[in-house]
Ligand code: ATP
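What follows is one chain in structure tokens, specifically the form predicted on its own.
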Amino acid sequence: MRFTNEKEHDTTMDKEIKRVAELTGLPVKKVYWLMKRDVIQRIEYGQPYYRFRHKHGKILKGTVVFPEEREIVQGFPKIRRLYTLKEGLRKYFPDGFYAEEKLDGYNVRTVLVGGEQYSLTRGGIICPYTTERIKRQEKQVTEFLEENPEKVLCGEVIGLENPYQEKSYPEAKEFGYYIFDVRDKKTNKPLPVEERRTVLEEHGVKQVPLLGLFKPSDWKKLLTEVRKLGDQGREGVVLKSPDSRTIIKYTSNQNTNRDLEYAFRFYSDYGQAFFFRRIVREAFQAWELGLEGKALEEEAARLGKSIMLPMVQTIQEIASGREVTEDFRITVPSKKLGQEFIRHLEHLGIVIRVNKIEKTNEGYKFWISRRYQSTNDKTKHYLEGGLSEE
């Protein structure tokens, strides 16, 4: 995989850019302008493709154009979040809605382009590891796309063997790909919920669990279900109108606590907005649950522990001369693919270290550490008596 910046541009790309313009409906001059501002990025992976790093007009972030194949894959729309169920359900789903489980992983769109299968991250980058793993492990996905090349399978990758979001589930401890949406490649129109679930079941493609069909008046029942998921270490729900046009997410306080506990371990590498939004979510859910007295104090104590304990652990480790890192592993069929994936992460600006490579029956297992630069450097600075700019 090779990322191209504006300085490397030459006339051989002019034809590609004209096709990008045709497929997106943008003027050619606008495409050049967007490339100069790094809104559009050219990447080579087998064939060149162009991804939108940011939203531009009606073109969503993560939209990908393959000029050689004259194909466009629309970005996945941003899903808004409800803070209160009672009023929100009545406002956005007056005629009822489906609730499906929201799995805690990373968003992947899998497509067939020019006979090749690719798995795209939310930002529109072909991930070599995820592409190969889904090809190898999820044969039903390949079969579905070969029969429906105009479709995009949108799903969540979960499991411990990935560098983006490590979360083990009983049904997919190491790696699993679960579909939550099927969209048209060109128009981005989604299949209705019932149709999508029926079609994918017929093809044997795994889907996110369905909790059922609800009415707005079922808000207490749904809130109870969300809390049960949280108690099981799961994330929450995605709510969808029957036609899949309206999609909203809602998560449990327990999961939000786990997010905060993880992020405060690397407190200086996550933006303040990340922390603040999650604390606000916790407050609204506690209010809608009607928590007060001892129950509210216990909820607040869990929140406080999620913030304080991981930060103190980080300070202790760095004070003792160690670095704080996120450690993960991947399993690949060849060393070459593993090394290609390492380069992919480095291109994304991720600072990593390969600790060990081991030959297994499945191929090669890579043990990798990700260094959170700001947290390590800033903590060391404070421990040495350094000043804060605030």
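All residue numbers refer to positions in the sequence shown, first residue = 1. Since we're looking at a predicted model, the values are computed, not measured.
One more form of this protein exists, namely the form predicted together with the named molecule; it is left out here, but the text below deals with it.
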query	finding
Proximity of Arg265 to the named molecule in the model of the complex, heavy atoms at 4.5 Å	no
Contact flag, Arg81 vs the named molecule in the model of the complex, heavy atom cut 4.5 Å	yes
Exercise: Pro77 in contact with the named molecule in the model of the complex, heavy atom 4.5 Å	yes
Contact test in the model of the complex: Lys102 vs the named molecule, heavy atoms, 4.5 Å	yes
Partner-facing stretch of 89-97, 186-194, 233-241, 290-298, counted where any non-hydrogen atom is within 4.5 angstroms of the named molecule in the model of the complex	233-241
Residues Arg122, Phe180 and Val208 all lining the named molecule in the model of the complex, heavy atom within 4.5 Å	yes
Among the candidates Arg136, Lys221, Lys249, Lys215, the residue which, in the model of the complex, approaches the named molecule to within 4.5 Å (heavy atoms)	Lys249
The unique member of Gln313, Ser168, Thr142, Asn107 whose heavy atoms fall within 4.5 Å of the named molecule in the model of the complex	Asn107
